[in-house]
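Just the one chain here, laid out as structure tokens, in the form predicted on its own.
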Amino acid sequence: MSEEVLVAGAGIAGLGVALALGDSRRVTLIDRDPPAPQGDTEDAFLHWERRGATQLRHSHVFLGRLTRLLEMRYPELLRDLVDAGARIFTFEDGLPPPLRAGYVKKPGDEELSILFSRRTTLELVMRRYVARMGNVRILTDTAVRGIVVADGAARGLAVGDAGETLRADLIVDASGRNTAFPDWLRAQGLSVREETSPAGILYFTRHYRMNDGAQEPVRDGTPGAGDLGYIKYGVFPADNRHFSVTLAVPEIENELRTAVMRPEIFDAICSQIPGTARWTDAARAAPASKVFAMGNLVSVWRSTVDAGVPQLLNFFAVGDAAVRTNPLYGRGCSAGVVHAHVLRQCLNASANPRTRALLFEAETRKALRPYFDSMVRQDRQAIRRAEAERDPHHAPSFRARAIKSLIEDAVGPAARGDIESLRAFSRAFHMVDVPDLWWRDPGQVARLLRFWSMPKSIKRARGFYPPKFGPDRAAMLSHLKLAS
């Protein structure tokens, strides 16, 4: 095909569009930020400034859905990432201790590998790979100022301080969570439907580097991620002996969310949580960055199809510009690149602009909506739990107690003690199967009920319960010398 494609944004989603379309169309990525550094991954981490990517130095992973896509379609890119220090962490690597000895690999386990890396490394290597593609060019230091619309279709973009018009057959918005395109389209009288839901948290990340001679903690079942109600945490191994810790603090925890920005408080919190303390211990690692913060975390679903009518032809929004979720779930990068390949599928299926628009709407909903809905539900539950943590007189309802017991006494132990349950949960986590598919599997439900009915003493003895995530809210605030 000879179609010209203009892509606003050269982050992970924009690079995903270049990968997906660059073999059959001429693609121009427009990036408002300066070119990538010419040096190595450390140079990129230390010096690459990306105003258009506020999450650049927060924790990132490529989930199994995307790692497998790279392996199958872009093996050279995957090799480049590994050569740059990124690491493939397989399903077997992450098995809890009770399941290791009897593990037998099954077809499908290869779809459940995580690619560990810092975002700067991911983006640097992807950008260099895309820049070598013959049909792709990247315009840097070039801001998009508006969209050119005529006869119901997108015709180009206004760029630069002078508003120069670049014309193309297709316009793609990959400009991320702060996209201006919805406002530009509404200013021209077009409808952009939007659903929003609060994540209820603020996001704080600090990077660390392993000390010379030190090794990562043995994976002994201590949870590397967890939810204490008043704070959530996650450890993210990365490339070249780096890792990061992210702490997610509920918006209603006013004093805690302010204090956590101070490096000494961030590290003090980590020292009290077993899953993070074993990583951030000064004998093992040293801080490699300040504490980075990110707010305004709102899940958003946007569409330019209203009541079955495409509002603008030849225009497509991908990644966070269209579907934005709580970054705590780690699905943003994977969803963005997957979404770009949904676009490829729809463009290749028809040359008719209206058919393409409707097909893209339908396939986007099929590929991403189940995960969006699941994450919104989890966020709402977390907001309610955070509120309850602050109320010493809170008495949970019978339903709330039953759900808590199901999660703690059935789902958690099943994931640590039954390989088929772990596979089912992992396939949903990695965006291979839709969330909650395992609830519709009679065999999986039976396994959960078996674990739920098993005496707690037996589950403890067999290691099916994880160690305690960390101190309760009162104990943590007392340790930090913060008001409760």
Ligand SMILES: Cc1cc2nc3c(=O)[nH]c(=O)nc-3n(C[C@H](O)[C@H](O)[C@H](O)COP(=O)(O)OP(=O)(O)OC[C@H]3O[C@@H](n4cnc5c(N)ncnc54)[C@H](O)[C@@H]3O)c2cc1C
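What you see is a predicted model, and the numbers here were worked out from it, not measured in a lab. The numbering used is simple: start at 1 and walk along the sequence shown.
Keep in mind that the form predicted together with the named molecule is missing from the display, and what follows is about it.
Contact with the named molecule in the predicted complex, judged by any heavy atom within 4.5 Å, is made by just one of R427, R32, R26, R447: R32. In terms of contact with the named molecule in the predicted complex, the residue from T276, T304, S334, T120 that brings a heavy atom within 4.5 Å is S334. Contact with the named molecule, judged by heavy atoms within 4.5 Å in the predicted complex, is confined among 433-441, 449-457, 60-68, 411-419 to 60-68. Among residues of the shown chain, G85 is not one whose heavy atoms approach the named molecule to within 4.5 Å in the predicted complex.
Although the partner is absent from this view, L112 stays clear of the named molecule in the predicted complex, with no non-hydrogen atom inside 4.5 angstroms. Proximity of I12 to the named molecule in the predicted complex: non-hydrogen atoms within 4.5 Å are present. Although the partner is absent here, R177 lies within 4.5 Å of the named molecule in the predicted complex, judged by heavy atoms.
Taken together, R50, T142 and M294 are fully in contact with the named molecule in the predicted complex: each brings a heavy atom within 4.5 Å. Taking the named molecule as it sits in the predicted complex, the stretch 82-98 never comes within 4.5 angstroms of it through any non-hydrogen atom.
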